[in-house]
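Take a look at this one chain, the form predicted on its own, written out in structure tokens.
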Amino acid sequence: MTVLVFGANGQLGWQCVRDLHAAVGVKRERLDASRASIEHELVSLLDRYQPTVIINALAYTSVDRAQQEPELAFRINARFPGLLAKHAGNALLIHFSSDYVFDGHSSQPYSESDPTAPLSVYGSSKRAGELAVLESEAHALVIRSTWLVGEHGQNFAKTILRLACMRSALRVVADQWGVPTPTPFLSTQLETLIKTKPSISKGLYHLVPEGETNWYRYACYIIEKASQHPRWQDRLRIKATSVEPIPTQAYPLPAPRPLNSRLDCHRWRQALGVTHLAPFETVLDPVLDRILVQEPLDPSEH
């Protein structure tokens, strides 16, 4: 069995290549999805490896920059997944999407059947990618997740740690709700799926750990963990008590964010035959520990 992972440079792709047996990573240097003409190269790559499973963790993730680069965002987030689905053959295609396909106005966790209403170019491009995959003939899963965090690549946790060493106070949005999703959690779930449920029904699935938080509480959690780590104790300029909660409107950005990014994972649990998923703290702590060991202490090292 060969697992072909697109987006091996990124957080999730890197994790999948590391964790999944017989996984082969495709980096940008090998196939650049930002280019207009890649279909022939993609077909050649698929013919060479004859993958049993294709994981598409490749995405244009610069949410704010996408407002000025819609063509590029759609090329990577929509056209490329469509090409993968077109040429997937008999392989199981697993494509990752985002909570940004929703407007966040609901007061409940979103299920797969809830209507989408993206607020931004990024969200619209991810929704277009979903449709390109779901409307294809491929045996394909579209998995929506939220707030990715891993030891490889950039993410909110690393940003907060860097700022905590540079500033004496922080202001963090407290009215956007969701859950951090560690990349090892996702790779473990995929491993279970590939080994035990390869004939899973095609379609949409939500996959995040259990629990919920907001960006402010998440930031405090990260700083508190760092304050207990001997490598960081003397480097932090702030404590969790120095983080100020603010509303979204006090921190305007080019691309609107959904206030509610909570996802209902009942369909995934049912498909895998499990009653619950791990709490986010349980799967987040080992990732934060690895980040705290590896991350540079001097912000200039970034």
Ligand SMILES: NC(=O)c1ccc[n+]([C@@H]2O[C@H](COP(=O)([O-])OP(=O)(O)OC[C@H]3O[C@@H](n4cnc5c(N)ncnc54)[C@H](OP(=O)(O)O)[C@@H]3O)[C@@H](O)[C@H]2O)c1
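Only a predicted model underlies this, so the values are computations on that prediction, with no experimental measurement involved. Quick note: we count residues from 1 along the sequence shown, nothing fancier.
Absent from the display: the form predicted together with this ligand. The rest refers to it.
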{"property": "Sole residue of 31, 277, 259, 238 within 4.5 Å of this ligand in the model of the complex, by heavy atom", "result": "31"}
{"property": "Answer option from 147, 74, 232, 216, heavy atom within 4.5 Å of this ligand in the model of the complex", "result": "147"}
{"property": "Interface membership of residue 99, this ligand in the model of the complex, 4.5 Å heavy atom rule", "result": "yes"}
{"property": "Partner contact for residue 66 in the model of the complex: this ligand, 4.5 angstroms, heavy atom", "result": "no"}
{"property": "4.5 angstroms heavy atom contact with this ligand in the model of the complex for residue 12", "result": "yes"}
{"property": "Any non-hydrogen atom of residue 248 within 4.5 angstroms of this ligand in the model of the complex", "result": "no"}
{"property": "Heavy atom of each of 109, 177 and 265 within 4.5 Å of this ligand in the model of the complex", "result": "no"}
{"property": "Residue stretch of 53 to 61, 239 to 247, 269 to 277, 40 to 48 approaching this ligand in the model of the complex, non-hydrogen atom distance within 4.5 Å", "result": "53 to 61"}
{"property": "Residues in 110 to 126 close to this ligand in the model of the complex, defined by a heavy atom within 4.5 Å, in order", "result": "122, 126"}
